[in-house]
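Quick heads-up: it's one chain on its own, the form predicted on its own, in structure tokens.
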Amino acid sequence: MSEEHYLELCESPVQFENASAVNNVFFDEANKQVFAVRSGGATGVVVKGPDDKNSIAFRMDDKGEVKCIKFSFENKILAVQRTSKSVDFINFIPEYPHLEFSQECKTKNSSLLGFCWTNWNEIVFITDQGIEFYQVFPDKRSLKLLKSQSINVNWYMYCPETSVILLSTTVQGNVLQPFAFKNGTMSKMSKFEIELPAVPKPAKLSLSERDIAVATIYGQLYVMYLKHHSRTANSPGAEVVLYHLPREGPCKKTHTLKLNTTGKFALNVVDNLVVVHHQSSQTSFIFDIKMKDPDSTLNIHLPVLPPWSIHPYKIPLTGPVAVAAQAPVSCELYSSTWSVFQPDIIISASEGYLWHLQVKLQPVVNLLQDKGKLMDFLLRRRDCKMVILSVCSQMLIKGDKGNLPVVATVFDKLSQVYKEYLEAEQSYTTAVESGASRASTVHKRPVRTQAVIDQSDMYTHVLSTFTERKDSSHKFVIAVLMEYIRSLNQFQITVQHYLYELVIKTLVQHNLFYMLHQFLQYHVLSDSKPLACLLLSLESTYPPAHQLSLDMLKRLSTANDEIVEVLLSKQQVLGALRFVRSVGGHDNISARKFLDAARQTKDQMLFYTIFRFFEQRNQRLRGSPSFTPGEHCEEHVAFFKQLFGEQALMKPVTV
């Protein structure tokens, strides 16, 4: 069963003292820190972040019940809200005095709903009458108001990744006004209205912050609205409506996620997937907004996978060594005491745990049967490489010709991502080279994600092992290799020679020389020097490979020297000489190299022919058949005299 749990809680949660009558627990969404405040801080405050090395412990005076407590970035300044009128600050910067200072809301008779740090020294107060943006001066222990905006506020929500605060306004609360913060500036974004399922009469607050979440999905900011349908007989169930919130321009309703059930829900975003937890059924739905029904013009999505529960989690027992043998206790999943925060955090205050929710990709492989959809899904996930490669390997095991269209689809999806990365890399290189003089332009190198699966990945993890399998028909093996090469060619990706070598070795292994000959003849296998050398090595098994190799080297035109070396090494001295003459290089070649090769054949007539050729060349170029001292042919001249006598040497021809 556990193989089908595609969601799990992280193995190493942040542990803190559980909530109790004397211990209040707070969570800061910006720094992802949990604050355990005992007795208003008088008996200690312990702060734990995602990395336990950052845990901080301190005490502060008990000046009343703590409503909210957060550190600024890098834990430089602590802010504590105890009343609905002001926020207290404590310096944690080593060189500044560890003293408290306070700031009241500027707006008269307003009630402070909360605050958000937007930088290490910038803070926003949200009141029921608007927002106030301050700069904090820890050295002077004071604040300066940078900007404020009056607006009636019901509640607020903060997205730390984008520094956007969302305010719920109007009587019904369904008009949302976002503000963006960056480097000391506050900008008002386009307000938008959430469509309510029913308008109450008389008007009252109808949109709760429980039904709204803000998160970044695929690099874009979305407001997610959990829309509960009225409980009528024909009710289609709840849905999650996504509103895309751009930095500039209007906010638009872009996606609808159909839940087809009712009840209590909570939202997370994990690896760009929207996860909807359903408490009563104790299951979770996952949605991928990039996967849509091609027949649907509207962006209406159904869950990608069947709803399933989070993988069971065991809480390890801590305590004296005596109880170490006791089995860990199962954690109650989907508990009513759970608090869910964006993007991927689940907190159990009663048990003292903070988990990150994670997606497991391996179980998805068995749940998504359509390989094309599966590949689309996997390519968008963070740690996808090894899972994709294993899917490719599994797909080829016991495969047959009927499976080829599926194989082709998968290869094309991989090649497309690979090509997009290569183009981005090329554009970056070109921009850097051409823009070297324009220092003002900053070029960002494209990030190579795990979805970029290149030829060496496919060769190492899939194709080389696949060709060695004994249970696959050689025809299918060759068809698969050629399908991958076709896919690379289709996306105009240069095929690496080792893939061609794999094809040739497979063909030779099964004595399919006629097919090899055709592949080379019709240039299915692209010319390269390594390939030509491989063909030469096959000459003993398949004699025509020698000529095929020479033809290939000749087509490469940059490989003339290699061809000559290859022919000479095979003692085909006349063949080498004919080749040099055919490409017009015979006036520049080394006489000694050819005479050396001719002597090694121990064929006296061949030596005579080669010697006479160079004598004639000398006569034509210099007017004398003799070799110059620079050619270092003295021993060959002596050998010629020894064999054929001095009278056999060519006499100078005078005109």
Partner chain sequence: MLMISPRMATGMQEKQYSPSLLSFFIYNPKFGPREGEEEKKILFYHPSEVEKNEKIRNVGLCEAIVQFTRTFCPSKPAKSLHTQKNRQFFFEPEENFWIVMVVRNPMVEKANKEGRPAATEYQEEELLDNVYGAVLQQCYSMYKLFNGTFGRAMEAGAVELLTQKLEKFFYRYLQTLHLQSCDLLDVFGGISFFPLDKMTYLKIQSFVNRVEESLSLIKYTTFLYNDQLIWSSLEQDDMRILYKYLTTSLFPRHSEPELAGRDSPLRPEVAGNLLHYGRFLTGPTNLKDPDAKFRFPRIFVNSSDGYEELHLIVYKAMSAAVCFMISASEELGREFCEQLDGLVGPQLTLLASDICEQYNINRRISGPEKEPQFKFIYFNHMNLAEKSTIHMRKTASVSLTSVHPDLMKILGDIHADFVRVDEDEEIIVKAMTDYWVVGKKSDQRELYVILNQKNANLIEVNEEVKRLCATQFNNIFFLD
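The shown structure was predicted, so the numbers you read here are calculated from the model rather than taken from an experiment. So that the term is clear: the rigid core is the largest set of C-alpha atoms that superpose within 1.5 Å between two forms. Positions refer to the first chain, counted from 1.
The protein also exists as the form predicted in complex with the partner chain; that form is not presented, and the subsequent description refers to it.
Although the partner is absent here, H523 is a contact residue: one of its heavy atoms lies within 4.5 angstroms of the partner chain in the predicted complex.
Remark: P303 does not count among the residues lining the partner chain in the predicted complex, judged by a heavy atom distance of 4.5 Å or less. Within 4.5 Å of any heavy atom of the partner chain in the predicted complex lies no heavy atom of V275. Although the partner is absent here, Y218 sits far enough away that none of its heavy atoms falls within 4.5 Å of the partner chain in the predicted complex. Stretch-level contact check against the partner chain in the predicted complex with heavy atoms at 4.5 Å: of 126 to 134, 560 to 568, 343 to 351, 385 to 393, the positive one is 560 to 568. The partner is absent here; in the predicted complex, the one residue of R486, K258, K529, H98 having a heavy atom within 4.5 Å of the partner chain is R486. Note on the partner interface in the predicted complex: the residue among S111, Q490, T262, S281 having a heavy atom within 4.5 angstroms of the partner chain is Q490. Taken together, the three residues K67, Y156 and G249 all stay farther than 4.5 Å from the partner chain in the predicted complex, as judged by their closest heavy atom. In the predicted complex, the residues of 471 to 487 lying within 4.5 Å of the partner chain by at least one heavy atom are, in order, K475, F476, A479, M482, E483, I485, R486.
After superposing the rigid core, the Cα of D62 is displaced by less than 2 Å between the shown form and the other one.
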